[in-house]
Every structure is written in C-alpha cells, then in structure tokens.
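The chain below stands alone and is given as structure tokens, in the form predicted alone.
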Amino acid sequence: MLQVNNINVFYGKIHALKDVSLNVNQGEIVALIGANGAGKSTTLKTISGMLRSRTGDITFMDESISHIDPYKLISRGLAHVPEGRRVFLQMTVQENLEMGAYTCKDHTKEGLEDVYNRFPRLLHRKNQIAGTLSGGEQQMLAMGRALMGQPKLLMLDEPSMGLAPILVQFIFDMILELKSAGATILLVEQNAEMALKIADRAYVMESGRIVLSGTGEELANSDAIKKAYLGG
C-alpha cells in the first residue's frame, strides 16, 4: 500500500532523514520506533506531503505522491494524526469531527455514528468545546476526526504521549480494533514495548536512519532493542 524509497530530508543544513526506505502492506500495523529526535515524525510529515524529500520517491496505492499537496492526499485515503493532536480548540467535538469528513461529506452521518460507537466519551462531549477536553479525550477526537475521512492508511504520531496508563491501554486496544475492522496503520511511538506488542512489523530509527527492521516479535526479543528501548 505504501512504499517509501530512499528519502533524504533536510531542515536547512541539518540532514534529518538519511536514505530512509520502508513499506506498509494492506491490513498491517507497522511501527516506527526510536528515541526522541530520531526522525520518526519527520518521516510521517514527508509521507503526508508536509515536507519534501530531495531524493527518492513515495508511492501510495501504486501511485507516486512525492509532489502531491497534503490536502489532496487526504481525499486519496491517507490520514495523518499529528503529534500533539492538533484539534480545533475553539470548535465543538462534533464540529471537529465534521471537519474530518470534508472530503466525503456524503458519509458524515454514518461516520459520526461509527466514531461515537468507537469512542462513546465523545458522544457525551459532542457539544463541548474541544479545548476543554482532557488530553485523552483530545487524542480520541484527533483519531475520530481522521477516521471521518474513511482513510485507507492511518498514520498515528505518538498517540500515547502524555496519557495516563489506563488511557494508553485504551488507545492501543483501539488501534488493534481498527486493524480488525480492516484498517492499515503506520504507528510512530516512543512506547516501544507497547508498539512492538501490537505491530506486525517494525522499523527502528536512529539519527535519521533505519537501523533495524523485523516483525514486532523479533524486535521485542532482540537483546539490542531490549537494552536500548525496553529497559532490559
């Protein structure tokens, strides 16, 4: 479904991504793990068109998307839930969700029903201003807003960041539930232990490069990964 080939991204003179290549197959959860500053978020931003690579190519559904604007990628089925949630703070929960359906407005009613079924707390908060929600509720809203666009590929950037352990478990359970419903997910996550538990495959980034890859189970059992990321 997604193929990233040899991308190199710079912030000014800083070489942020160095010859990064990865792929995501339909129906998979693929995790991208690594320390803060390794290049994980930059990779997602490049895939979603917010940043441009100087080299290589990115293909989605067998079509090159390297030079397509982000808003056009949404209508092609690629959704990006950014780090920090980025909900519209002055709008209500339902208004945020309706914004997520702007590329497929005919689906708005069914989309709202689906999101409210997955996140009942949002139904109870639907008329509440998003800026007054807790961090966990804002994460639910950010994920729900992305789902309103009926994405073929859902990219999640640090969905568990700053959440209480019970909410972290809820978010990871929801990711597994979405996969069971047919979703394909590219997950960036600093909680390597949780990410590897649910991932079909994973890539490890260090200093802008992919340094290891394998199944979630293989990497979870790797001595190097245990030492570096799992406290082993």
Ligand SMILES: Nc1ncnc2c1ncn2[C@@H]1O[C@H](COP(=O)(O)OP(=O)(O)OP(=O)(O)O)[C@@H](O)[C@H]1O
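Everything numeric here is computed off the predicted structure, so don't read it as measured data. Residue numbers run from 1 along the displayed sequence.
Beyond what is shown, the protein has a form predicted in complex with the named molecule; the following relates to that form.
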Segment that reaches the named molecule in the predicted bound form - one of 163-171, 33-41, 62-70, 192-200, heavy atoms within 4.5 Å: 33-41
Listed residue that, although the named molecule is not shown, lies within 4.5 Å of it in the predicted bound form (heavy atoms), from A220, A16, L212, L22: A16
Candidate from D114, E98, E137, E83 lying within 4.5 Å of the named molecule in the predicted bound form - any heavy atom: E83
Sequence-ordered residues of 136-175 touching the named molecule in the predicted bound form, heavy atom within 4.5 Å: E158
